[in-house]
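In structure tokens, one chain follows: the form predicted alone.
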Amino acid sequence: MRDLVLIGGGHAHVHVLKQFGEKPLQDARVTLVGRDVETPYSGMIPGFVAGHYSFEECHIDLARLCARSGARLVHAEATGIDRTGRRVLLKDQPAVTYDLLSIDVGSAPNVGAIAGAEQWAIPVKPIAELGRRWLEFSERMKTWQGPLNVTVIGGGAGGVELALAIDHRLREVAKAASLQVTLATKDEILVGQAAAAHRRLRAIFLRRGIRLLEHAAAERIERGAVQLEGGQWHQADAVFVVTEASAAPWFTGTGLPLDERGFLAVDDTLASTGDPRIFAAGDCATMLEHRRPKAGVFAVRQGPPLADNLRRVLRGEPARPFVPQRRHLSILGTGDGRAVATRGAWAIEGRWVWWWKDHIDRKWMRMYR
């Protein structure tokens, strides 16, 4: 019996579990090592924050999925890899041995780059922690009276969607508050996306009364305030950080090749460039020959080729190369039942775009629930 061990319950691993459950290999045992038993679908989290989805609707129960797939679940946090002994090292638990290993643990905002962020800010990643934090925060806001200033730091798609979702939800639940949501980013919003998308989102921010501060990097966070580049202080009763992703610190102790930002370096089969028995997918990995943004759409699409290659290696066959698409459809929910879709140079907006996004997301979730 050979042991396939999956570290992390990311989008790609969810598909691996489902595929191996539907077509099991008789001489292979699958084990999932997960710090979180309920894994969120990142595409639905802004809708959850906006109040359109319940916690259960946008989270996958890994215990139930493992039970249905015939996989073993080890509820523990991975802290390292003993490659010589082929063991996954766990926090406060015995190590788990492997014959073939795959890693899909996502990423986290680089909060260490902003002074005071670790103490005073709410990081959006790991996303698995955001759900309960947001429910607790929004519950407290129901009794808030007077000015309420919420700052979102980070102008990528995640930060833009979160700012719009927070604005929508708090206007519903914090009835006695005078709300002001601010988005601050060191660059322009949506860097790398179409100019048409920039124009539409800026117009939406203006229409909704959300303050947009571009070219305004956050330098320090203290209780009740954020200091931006240039020394300006802005009042902030709550700060959410959605900045550039960072890699898990324990990667550096594995001896595996990493990219310049500390993410696991993989080839076009999703195998580590330094160890053919270790694969990686999602935000925690970088395909050196096909670099793409750290976005959920790419993690989702890595699921099928990852599952296929893990199966092939277990059968003694060579892994197949995989080339991710360069251009992809991006649909950004605006929190109020509308959305903006962008691909290439164009962007469209409307309520029907949100219905389209909602249909896509719910269809994906149904496959794994």
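Predicted, not measured: the structure shown is a model, and the values here were computed from it. We number the residues from 1 along the sequence you see.
The form predicted together with a small molecule is left out here; the points below concern that form.
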| query | finding |
| --- | --- |
| In the predicted complex, the one of 299, 287, 236, 73 near the small molecule [non-hydrogen atom within 4.5 angstroms] | 299 |
| Answer option from 96, 295, 122, 113, heavy atom within 4.5 Å of the small molecule in the predicted complex | 295 |
| Which of 257-265, 189-197, 157-165, 221-229 lines the interface with the small molecule in the predicted complex (heavy atom within 4.5 Å) | 157-165 |
| 4.5 Å heavy atom contact, residue 15 to the small molecule in the predicted complex | no |
| Residue contact check: residue 34 to the small molecule in the predicted complex, 4.5 Å heavy atom | yes |
| The small molecule contact in the predicted complex: residue 43, any heavy atom under 4.5 Å | yes |
| Residue 77, heavy atom within 4.5 angstroms of the small molecule in the predicted complex | yes |
| Site check 8, 105 and 242: each within 4.5 Å of the small molecule in the predicted complex by heavy atom | yes |
